[in-house]
Ligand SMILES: Nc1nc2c(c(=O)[nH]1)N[C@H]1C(S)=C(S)[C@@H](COP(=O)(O)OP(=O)(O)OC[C@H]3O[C@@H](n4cnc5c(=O)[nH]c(N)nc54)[C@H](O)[C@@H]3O)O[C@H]1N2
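Given next, in structure tokens, is a single chain: the form predicted alone.
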Amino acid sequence: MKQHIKTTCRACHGGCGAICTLEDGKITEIRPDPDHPLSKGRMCIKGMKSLEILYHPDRLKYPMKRIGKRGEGKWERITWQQAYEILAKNINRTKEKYGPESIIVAQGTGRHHFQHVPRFTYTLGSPNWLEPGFAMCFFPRVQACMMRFGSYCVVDYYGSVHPKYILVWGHNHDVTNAGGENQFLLNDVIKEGTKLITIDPRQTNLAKKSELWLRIRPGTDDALALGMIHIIIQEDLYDHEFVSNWCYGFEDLKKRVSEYTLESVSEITWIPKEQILLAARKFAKNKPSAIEWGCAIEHTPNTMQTVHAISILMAITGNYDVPGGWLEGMGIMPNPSHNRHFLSEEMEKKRLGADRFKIACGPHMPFPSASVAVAYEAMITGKPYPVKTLLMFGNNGLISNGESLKTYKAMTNLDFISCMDLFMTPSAMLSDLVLPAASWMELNEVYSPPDLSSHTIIAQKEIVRIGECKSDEEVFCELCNFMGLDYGAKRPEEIYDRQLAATGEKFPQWKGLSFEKLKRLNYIQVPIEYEKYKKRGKFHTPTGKCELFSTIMEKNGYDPLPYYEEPPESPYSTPQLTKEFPYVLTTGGRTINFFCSEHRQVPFLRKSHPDPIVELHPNTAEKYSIKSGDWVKISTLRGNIIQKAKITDGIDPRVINTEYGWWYPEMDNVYESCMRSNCNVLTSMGEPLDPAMGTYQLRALLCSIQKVE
């Protein structure tokens, strides 16, 4: 008998509707759900081929403990009871000998378990949870929007009015579902007449679809944004009504941006003056418009000021929370409690990075994380205090953290590591205990996209289970119960019920909503309201205004106005390096086949994209006798890797682009597997770091290239 079960694909950050066909206890087909309110009958290739993940012969299927040397690949199968005993023993030993702060809980991308990892960490008594991208992906944008508007914002793809222009900034939405904004929605509005201005060092597919492509020098986005603000103010193109009635600090901003002249910004960014002028005018004159921004703008030590500058463009043009502009979130469902009450004020201050990076890690921020850079330094040096235990959940830090050689050194210096994942990743290979994680078809969860701006709730359902796999959320509940800790729930579904009950309190039409009811409904939505700040009479900020001058930044000792800062390693800040490393490196290449470091062992996905790709201009390739398909060595001060050449005129001759997330599951040697082609071997986790977020330099570094015979 066949059953057709509606659920949600979470093979990436998106939340596309999926229909799984179940026959005799086995899923035999995955197809898109035509009734899904967001994806509307579309799925990417990762979702469509998820059966190759679910039933892959190399899936982790039961707990295992290490019996050989770290990285040697010798394991012994154990029970979950034994796994919990090992975890409890090592957690308690670390707490007793060093204190709970010496335990770090690390997660990967922000999917089903994202909000549950801090809850688990704080229940253990540690302030130190982290994920590789917290200061480098998404959360700088979140923090900037919260400080500016009091809410995170997304492009309005959802109403009857669509943007006239979308400024696509450092984002390749064709191949990513960023923050739950389905990749299909951007192409939908393009077909209906929305025009694009793309800012990217590479000529992506979106750049090819754009009316205007600004080929920016990597790492100079802050200068471009400030220059565009200057043009809009100088030419009187800003929204006077919004600025006068709702903005705080306009005159201070006007004075700050006056130094970012068209000539100076063109020189900094390598973008012709006429293109900068045209982009600023088109964006300001055509309302409504919006910005679709990506993590590329968050990869330098001036991240916080970069995202501040870009977000100001939305404010002064009056495109905030209007139909077809940037939406303020409806907040249909609250996040689960993080059990932060278990942390004392003293323990909050011990969060790694709290004393320096107050916007990302500060004890008074609503959602602080430990600093990745400080945490891995503490693993090596024991300063400011020893870190001895690392618990990873969907985290492949050897690939995803910057400066991979440093990450490897840090991990091999720990007393105990556990890793919960779908496959034996390089990070799992270095662990003492490996736990089998459930895939998106094997777990229950609720999700409210777009992230932090939710107006939709969708259900993720357990349909099958492979071996002894569990969801991360189940393990948090069960382990805390095993250790006698008050997690606040025996089962994850209890937490979901509380979240959904809060939805019913806020939106009476969903009174009495529970997880079981949501499973039957599959998804719910609330109507989008616009200009909510007018109905409230204020913004959710300290001044009650849209803060162009950030009082929160000022209060924490940072510059309240955005400014440009040259990347610490560049042709201009370190010209002495250009003789050995003459090219500017950017490291953000993605493909629809993979998500971060995932899916390289999935046969169909790997077959169509078998090797990592480095992009270089024909003139650069000719200089080194490199042809498309040749293997190329890329080197920086940190190390070198190899990737396969793609020759394209869609990149500046002075710039090299490498793909992100590469490792080789087919290799037995864990070190070779994760260091051979991983672009983070090339990046820097060292000083300087962003003063507010602790972001390190992942792009705009200097590199050299060489053909590999």
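All values reported here derive from a predicted model rather than from experimental measurement. Numbering starts at 1 and follows the sequence shown.
One more form of this protein should be noted, the form predicted in complex with the named molecule, which is absent from this view; the next part is about it.
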{"item": "Heavy atom within 4.5 Å of the named molecule in the predicted bound form - residue from 221, 547, 445, 101", "value": "221"}
{"item": "Listed residue that, although the named molecule is not shown, lies within 4.5 Å of it in the predicted bound form (heavy atoms), from 216, 290, 307, 253", "value": "216"}
{"item": "Listed range touching the named molecule, judged in the predicted bound form by heavy atoms within 4.5 Å, from 605-613, 585-593, 538-546, 333-341", "value": "585-593"}
{"item": "Triple contact flag 46, 113 and 679 to the named molecule in the predicted bound form, non-hydrogen atom at 4.5 angstroms", "value": "yes"}
{"item": "The named molecule contact at residue 421 in the predicted bound form, heavy atom, 4.5 Å", "value": "yes"}
{"item": "is_contact(residue 299, the named molecule) in the predicted bound form, heavy atom dist at most 4.5 Å", "value": "yes"}
{"item": "is_contact(residue 425, the named molecule) in the predicted bound form, heavy atom dist at most 4.5 Å", "value": "yes"}
{"item": "Close approach of residue 393 to the named molecule in the predicted bound form, 4.5 Å, heavy atom", "value": "yes"}
{"item": "Heavy atom within 4.5 Å of the named molecule in the predicted bound form - qualifying residues of 600-618", "value": "none"}
